[in-house]
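Single chain ahead, by itself, as structure tokens, in the form predicted alone.
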């Protein structure tokens, strides 16, 4: 067993009970876990203040002086302990409301102490509540250090495991660890990027000599973490490209015919670029794995269809899998128009397709006469057997796990199909490089010609009458309106009540207008029925919860009203806004809120009003919320980051990916002597570890 795998209970001062607490509260099991429990901020102990310099506007300060007097003030619950602390320049009161008995035993008058805390003013007096107080030692006399502050929990504090205790543990464990910390990056890379060594980085992340050393330690450890994550992803990609041959598609006759005879509009430059990237992959002889990102309405479906034609030109079949029946139905309706014109057979397979109708689909699929199959999870079922699947397209990838993706992939006996993953959720570059680093990435970043950007405004609840008048005028010109309510409570009953209250007030405001309602507790048939009525224009207003977020295409709906918009995340607001603006008419999105808005809600709403660019919105969202929240739980394991921050470390991530790429291109098996450190690190990490940068 290595030094870093030693259980924490064997560290001086810990023992079995404290070890159990540290495990439960902070997920710290071993010496290695403790060393990688990094500080989240540092207190500046590099200088002493005199009391005359201190006022309530300065942050935490460190002062040397003596206690001149101590008194207990108040009784029972209102008791407080006040110590009068003085230096040559003046006096400040030190105040404790809790732990009074403990502090009373600890502090004595006329002895020199160092105190550290946040000064505040009460009337004319300066005071400091619950300061840290210590006897002057040789080290503290000098000052001149940055004190680490570690993440803790309330429960640990009540058991006297405080920051001071963790600092002491880190000092103890580091003494033993120094001789065991080995370099994990090649010397050439350290020199090229001016990175400090691993040992110096670990020491200075916990106990920095000064600000410069801290900056260098942070940069080194963040780079290393991102480098090993990228190394793992690129290695996976290289292995797959080497191992999995792809079917070669280079017959473009059907495609040329489609371009000449049936393409209803010119492709945008962005769409053409993506089609070229896909064509290059599909004729390369290597199996394609590509992520296609495009904002809502950017024309991904037509690019998907063009890819399908390449597969059919090579005498194979294609499958398109979508996460919901509504979305699968929509893809089917859109693509059937083109397929019919070109005499290509196409079918839809979802959970609600009857058994009798499935039989011919299965037969035609197996004998190769059915060329395109569109559906939901139903495509993954055992009895769905292709004659020769050439291309699998997966829409809204984050709704499917990787396991489901690979099931579709294994539908062929010999060669693997090419895979195209599509998403309308704009993923910031840094996140895409980390979550989907094993896929090639294509982006459609312009809207089709003739589409007008959606006009977004923010209105307070007090503007309700003006907003209603606007809705009325839009309906009179023949348009339709969405009104979306958030899911607020954990309880479905309260959510439903909230939605119903909204529905009633809208019905009162628009007594003549037919209204649809849509929420999560309705049966699938009822949802489809309501959606169909709205799509046909039989109802003019759709009152809904976020169920409508993905997919439904109603070109005539041009107004999206989002109630309590402050309760939605940015990417969700952007997805909802994308439900309108599908036709050539000017579309509008109105964000309704009350007057009380947090700073973060203001940023979200200002961002929505300012821009329609999904990628800019996703970048802001990443900075506000962090990566785990953006991707949903099944993906966040890939982001088990110790120190790097995808919202802030984009440049470093780019460097890390380039470095990993360069090294693996030159030495895919890491056999060269200069890469021995990397090889040791990779081999020492368990096969299951996602983050290869950990100490082991």
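Positions refer to the first chain, counted from 1. Since this is a predicted model, take the numbers as computed values, not measurements.
Another form exists, predicted in complex with a small molecule; not displayed. Remarks below refer to it.
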Within 4.5 Å, heavy atoms only, which of 199, 336, 451, 458 is in contact with the small molecule in the predicted bound form? 451
Note: exactly one of 301, 564, 539, 474 sits with a heavy atom within 4.5 Å of the small molecule in the predicted bound form, namely 301
Would residue 271 show up as a contact with the small molecule in the predicted bound form if we use heavy atoms at 4.5 Å? yes
Close approach of residue 295 to the small molecule in the predicted bound form, 4.5 Å, heavy atom: yes
Hey, in the predicted bound form, does residue 251 get a heavy atom within 4.5 angstroms of the small molecule? no
With the partner left out of view, is residue 267 within 4.5 angstroms of the small molecule in the predicted bound form by any non-hydrogen atom? yes
In the predicted bound form, which of 219-227, 425-433, 602-610, 443-451 comes within 4.5 Å of the small molecule (heavy atoms)? 443-451
